[in-house]
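As structure tokens, one chain now follows by itself in the form predicted on its own.
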Amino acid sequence: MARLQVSSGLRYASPVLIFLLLGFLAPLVTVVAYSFASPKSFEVFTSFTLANFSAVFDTTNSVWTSFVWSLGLAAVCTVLLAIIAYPIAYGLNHAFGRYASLVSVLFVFPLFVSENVRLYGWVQFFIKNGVVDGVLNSLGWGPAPEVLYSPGITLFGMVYTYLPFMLFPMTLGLSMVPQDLVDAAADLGGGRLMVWREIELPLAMPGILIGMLLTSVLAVGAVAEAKILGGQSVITVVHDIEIAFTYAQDWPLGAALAVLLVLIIGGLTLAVLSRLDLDRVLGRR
């Protein structure tokens, strides 16, 4: 009787594979199964219906608007961060050269403080009789305009929170642009805009795309910013998922929302990764 041959690599990797199967695949399968269960029931693996997905896209149900808000805010946040982070990353690379990526890690330090603590700090900054209001009153310029608990301040909180996740990959991408190549293009008569468009931007694009992908994925799942700064003036899809699994006790609906969100984020991730040369990004060639 032939014995099953198992490579040593597979044997060594089996603990990690088992951990991933139990910690990632099993919960995901359970969530998918719940999404096809009867509405407002716990009949997982015993029923099959598309009613939960139909409820999400029902025009008389407002739950689909949370997808619009989440995807819209994530898209605007990603674009704003790309515009903000690019000149910072460019300046870091020109000021610190090969140490720019290390210096950009300094922007990660705020992540060591709880996000909720940092967001409540902004609440104290903008709230009535807070820092801004107090400064303007002391200068005789009257009370500050109310900015809290609005979609705009929610977007501000997302930009503030996710800046490090855009900046670090973008700095890494710009550091991959050989300065000799840029100098040679300039010596051959290339204008500054043409050199940037034809050389710097294409070579830095892997890092830029990774930063935009990472930021957009995190921003779609943003919920603390909408709760703390926005005062729930914007209801995000993650908040609807939380409500479905807790107060509403409608696990099938929450699972359907989660499955749709995973499909959207997964499709976005695959679309971006298909345009990346990961070997080049990882420095393998």
Partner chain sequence: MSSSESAVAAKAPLPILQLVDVYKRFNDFNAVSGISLNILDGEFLTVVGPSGSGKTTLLRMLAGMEAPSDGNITLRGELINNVPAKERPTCLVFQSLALFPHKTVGENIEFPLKVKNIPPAQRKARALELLQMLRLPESYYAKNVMKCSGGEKQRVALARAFAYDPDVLLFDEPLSALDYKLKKVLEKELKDLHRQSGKTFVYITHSLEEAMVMSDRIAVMRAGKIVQIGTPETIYANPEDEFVAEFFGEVNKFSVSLNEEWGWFSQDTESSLTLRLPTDWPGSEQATVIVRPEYMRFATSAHEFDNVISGTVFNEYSLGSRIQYQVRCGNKSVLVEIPRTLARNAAPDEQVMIGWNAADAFVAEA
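Everything numeric here is computed off the predicted structure, so don't read it as measured data. Numbering follows the first chain given and starts at 1.
The protein also exists as the form predicted in complex with its partner chain; that form is not presented, and the subsequent description refers to it.
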Quick one: does G190 come within 4.5 Å of its partner chain in the model of the complex, counting heavy atoms only?
-> yes
Contact flag, G140 vs its partner chain in the model of the complex, heavy atom cut 4.5 Å | no
If you check in the model of the complex, is M194 within 4.5 Å of its partner chain, heavy atoms only?
-> yes
Consider A184 of the chain shown here, and say whether it contacts its partner chain in the model of the complex, taking contact as heavy atoms within 4.5 Å.
-> yes
In the model of the complex, the residue from G121, P145, P202, P87 with a non-hydrogen atom within 4.5 Å of its partner chain is P202
Per-stretch contact check against its partner chain in the model of the complex, the hit in 122-130, 149-157, 109-117, 173-181 (non-hydrogen atom, 4.5 angstroms) = 173-181
